[in-house]
Each structure stands twice: as C-alpha cells, then as structure tokens.
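Only one chain is included here, represented as structure tokens and corresponding to the form predicted alone.
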C-alpha cells in the first residue's frame, strides 16, 4: 500500500502551513490566558477553505477526501500555534458537518452546509452527558414525537464550540427500551425556545476553544430536523466517530513535526561545556524516540484516512489511530520540555502550553481507555 502524498496534496499541506503561520498565530498566548475564541481566526480558516474541505462544491466546499483533509490539517498544525482554534475547526467539521453531509436530508444540506462552510455558522456536537460520560447508551436526554415535531428534554456537557455555536447536533433517545436502536440524532438551532447554553468552562488546555453545557427544556424540534431515520442515531454516531477518531489527530502530527524540528535546532545551539547537548546520548535518544513516534503516528493517520477515503469501515483502525497518536503526542510534548530543560518550563517558549493542549487528547473523541475497549472487543 502506498500512503505517500501526491504532488497536489503536498502543495495543499505546504499552503496550509504557510496560511496558519501568517494568519492564526497573533496574540495566542494572551488569548490562551483569557480563554478567548478568535472569530477573526475562524473566518480566516473559512476563507482558506478549512471548514469546507470535505464538503462537495455544490454546497460551497472543496469536495476533497479524507487523505486531503489529513494533509491540510497536518500543515495547519505545523504552521499554527492556536491549537484551541484548530480543535474547534476539527470539531465543527468532523462531528457537525459530517453527520449533516452523510445523513441529512437534501433540504437540511442546502440550508445549513453553505453557512457552515463559509464560516457564517458555527456547529457544535452535543452527545456527552454528566452521568454517562463516554457511554452513549446511558444518555438520559429524550425526544418525544408529537405530530410534526419532537419535544427534546435533557442536558449535555463538554460540548465543544457550544458558547459560540449557531446550531447543534444532538443525540437523544426516542425509544429507550430499544437501546442502540432507540437513539436518534437531531439538528437544533440555537434560537430554539427552551435551549440554554451554559457559560464557557475554564480548561487546563485548548483554552481558545470554547466549551460548555447545553440544556433542553421542552424544545420543539421540527420533525424535518431529524438526521437519518428515527432510531438510526447509534449507527450515525459510530460513523461520525470513525471520521473524528481517524482524522482529528492530523493537526497533532504537524505539531509533533514542528516540535521535533525545534528540538533538533535547540540541541545543536544549546551548549554544555564545549559541546552541543545533542552530542549527549540522553538528549540524542529523546530526539530519536520523538522521530519514531512521529513517523509511526503518521503512518497510522494516513492508513485511517485512506480507509475512510475508500468508504470502508474502520472502527478498529481509527480507535487504534486515536489511541496511539494521542499518547505519542503527549509523550513528545513531555520530551520536548525535558530537552529544553528549565527553559521549556517557561511560558515564553510555548512548550508548557503545547503540553497542556496535548493532555486533552487522551479524553476527547473517547478516552484512551475507551479506545482500548473498542480494540480489545474486536480482536478477542
């Protein structure tokens, strides 16, 4: 199998890195301190085409595939340092646009996709609940059918983009007795009566990506706003998670490559006695380990992307990809700080922020333990 990028994908990756470096790095440290989402940065991403990479041209997108997405987002991660904004874009595309694109009616696609692609609208996904965590089948949010609408009741937590979102992808039980086949998915507008968005939660990392609770109190949702069929929410969620787990770490590959370049450069110029610290085996081995984790992570990323570009099921492969890259990403951030020594602990070098941002990767899109459960269940 050949997972190398073609000439066009290489150009896309390079252009993405140059764009991110020029447009997404202003005042990142200050916005991180303030937990401030950059709408200007969001609009710049939309103008560049990020939100529309996977969306057909008829809806204003670029009409590209999963490999193209991985290449572009890898470039964004290499050039950009606003990891929170990049995370918000990934969430918008992979768990909001993808469900509409794959399962929405023609009317919903025509109404929402152009606005979501252009940056005019921001999407959020509301799945996780306080009492159920990663167990989607323990969700208590319900949707009751009444004539030509559904009545939605319940609450969600940790909804990325919620404080600034215009529309929400919401999973709710339409028939709790059916378990997996009793879950349905809805598109809910922010102005819907009875929908309440909580305040932005203060986080350890990814602070420029807003997140909050969302509550539904007798929200009347038009029946036409259901995605797919009633009871197909579980299948839809599985499809969406494959896309998210397979591609959300692409930008992290770019970050890992940028860190490796920085550490190599630092190891050459930083001296101890009369020689560069890169001459010491302890440092050289850290850099070697960083390189190995980067290359193996990239191979897993592009295998997962290839499978999704071929419209293949990749439940195990995407879970393994998410697990391995997230853990490798965190470890590389830790090693980078060690290579820089006390300087790595200083805010001005940005490494402590990279580590804070990286730590979230072991939780979002399903914890590392959930990924291990998925993998083991499919091979035992």
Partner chain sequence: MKDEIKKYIVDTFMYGEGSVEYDQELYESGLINSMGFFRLLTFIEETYDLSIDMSELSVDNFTTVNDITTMINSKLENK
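Remember, it's a predicted structure, so these values are computed and weren't measured experimentally. Residue numbers count along the first chain shown, from 1.
This protein has a second form, the form predicted in complex with its partner chain, left out of what is shown; the following refers to that one.
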*Report whether the minimum heavy atom distance between residue 377 and its partner chain in the model of the complex is within 4.5 Å.*
yes
*May I ask you to state whether residue 142 is within 4.5 Å of its partner chain in the model of the complex, using heavy atom distances?*
no
*residue 203: touches its partner chain in the model of the complex, heavy atom cutoff 4.5 angstroms*: no
_Residue-level question: is residue 232 within 4.5 Å of its partner chain in the model of the complex, judged on heavy atoms?_
yes
*asked:* Please tell me which of 271, 279, 264, 178 lies within 4.5 Å of its partner chain in the model of the complex, judged by heavy atoms.
replied: 178
*Ok, 310, 296, 218, 196: which has a heavy atom sitting within 4.5 Å of its partner chain in the model of the complex?*
310
*Pick the stretch from 144 to 152, 100 to 108, 82 to 90, 117 to 125 whose residues have a heavy atom within 4.5 Å of its partner chain in the model of the complex.*
100 to 108
